[in-house]
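Just one chain is shown here, as structure tokens, and it is the form predicted on its own.
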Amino acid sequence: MEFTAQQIAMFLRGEVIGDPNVKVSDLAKIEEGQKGRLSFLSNPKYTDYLYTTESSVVLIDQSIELDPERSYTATLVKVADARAAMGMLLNMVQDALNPRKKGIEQPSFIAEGVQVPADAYVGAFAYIAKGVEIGEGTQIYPQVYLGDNVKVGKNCLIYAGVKIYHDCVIGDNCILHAGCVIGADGFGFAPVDGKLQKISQIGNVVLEGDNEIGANTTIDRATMGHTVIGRGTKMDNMVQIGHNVVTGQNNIFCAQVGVAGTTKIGDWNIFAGQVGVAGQLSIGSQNTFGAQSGIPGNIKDGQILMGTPVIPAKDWARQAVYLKRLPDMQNDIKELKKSINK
């Protein structure tokens, strides 16, 4: 596919600075740009690359100030948010290169009475059990398992190898990546007569909609009631969500986050990689937790926290500096003791 700078600007409602007729047919990072390619610039730290890149067109934030003393060869398309604009273009390319499929491939198993909409897709070796409901436009890729009475909304993408256990509910516009498991048993056992007795997990999992669940992520079903993932929440690969966890909307869980059972989480939180959250907690809204943080207690709203146990990020940074200085401080203390003894 080939587009002119003017066509891109019209699609993104941007302003062209330079040759509106220059054409691009591929994408590249600005530092690796070549003729005929489109790049974007949203972080001021990378502004120097604008003056050296060979890309033909660069999407650029309106907020970035250019050096009038330096020249560049690319045609610019100024937009309010270059990163978001690039995302829109990538989505357009994705839709063009990988159009949605339709129909039912064989061999696959679809239980009697299950209705597959005409514009939906079921890939080979998929297993769809009795009572399943599938929304319009949903794509079910090969080797997906949908257990009894699973409900899948409209326009979902369920990639190869996903397993959704019985009675779980997947809202509209969800993306489930390969290997994720929705609705496995929660981790529940009780000591009885000298051994661990399994506690049956009879609840389910509900994804409210517009969720993206990363590859090999697991969300456990509730012991009773529901494990709920709020609308718009996004999860990276290998995240573990325990039984009866309830999250609000638009949370971000980066890779290898673990949330123990029955914890309640508000809206718009960011959990960086390998954050661990203890069970039966209450986490507020609009918090950011740094990588490898440990959360053992309740958290209010609007904080930036790091460390184990978590403390304000500024305090954690000071502690990190002091830790590096501990050997020198120890030597200083030894010398002071010697002086005092003398």
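Predicted model, so just to flag it, every value in this text is computed and none were measured. Note that residue numbering follows the sequence shown and begins at 1. In this text, rigid core is short for the largest set of C-alphas that superpose within 1.5 Å between two forms.
Keep in mind the form predicted in complex with another copy of the chain is missing from the figure; the text below concerns it.
**Q** Just to confirm the contact call: exactly one of 112-120, 216-224, 131-139, 69-77 touches another copy of the chain in the predicted complex at a 4.5 Å heavy atom cutoff, so which is it?
**A** Selected range: 216-224.
**Q** Mark Ser25 yes when one of its heavy atoms lies within 4.5 Å of a heavy atom of another copy of the chain in the predicted complex, and no otherwise.
**A** Answer no; every heavy atom of Ser25 is more than 4.5 Å from another copy of the chain in the predicted complex.
**Q** Classify Val169 as contacting or not contacting another copy of the chain in the predicted complex by the rule of any non-hydrogen atom within 4.5 angstroms, answering yes or no.
**A** Answer no; every heavy atom of Val169 is more than 4.5 Å from another copy of the chain in the predicted complex.
**Q** Does at least one non-hydrogen atom of Thr247 fall within 4.5 angstroms of another copy of the chain in the predicted complex?
**A** No, Thr247 stays farther than 4.5 Å from another copy of the chain in the predicted complex.
**Q** Is Ile64 close enough to touch another copy of the chain in the predicted complex, meaning at least one heavy atom pair within 4.5 Å?
**A** Contact with another copy of the chain, no.
**Q** Let me know the one among Val152, Val205, Ala126, Ile265 whose heavy atoms come within 4.5 Å of another copy of the chain in the predicted complex, would you?
**A** Exactly one listed residue reaches within 4.5 Å, namely Ala126.
**Q** Each of Met10, Thr52 and Gly302 having a non-hydrogen atom within 4.5 Å of another copy of the chain in the predicted complex: is that the case here?
**A** No, because Met10, Thr52 and Gly302 lack any heavy atom that approaches another copy of the chain to within 4.5 Å in the predicted complex.
**Q** Which residues, if any, of 70-94 lie within 4.5 Å of another copy of the chain in the predicted complex when only heavy atoms count?
**A** Contacting residues: Arg83, Ala84, Met86, Gly87, Met88, Leu90, Asn91, Val93, Gln94.
**Q** How about Asp19 - superposed on the rigid core, does its CA move between this form and the one not shown by 2 Å or more?
**A** No, the C-alpha position differs by under 2 Å between this form and the one not shown.
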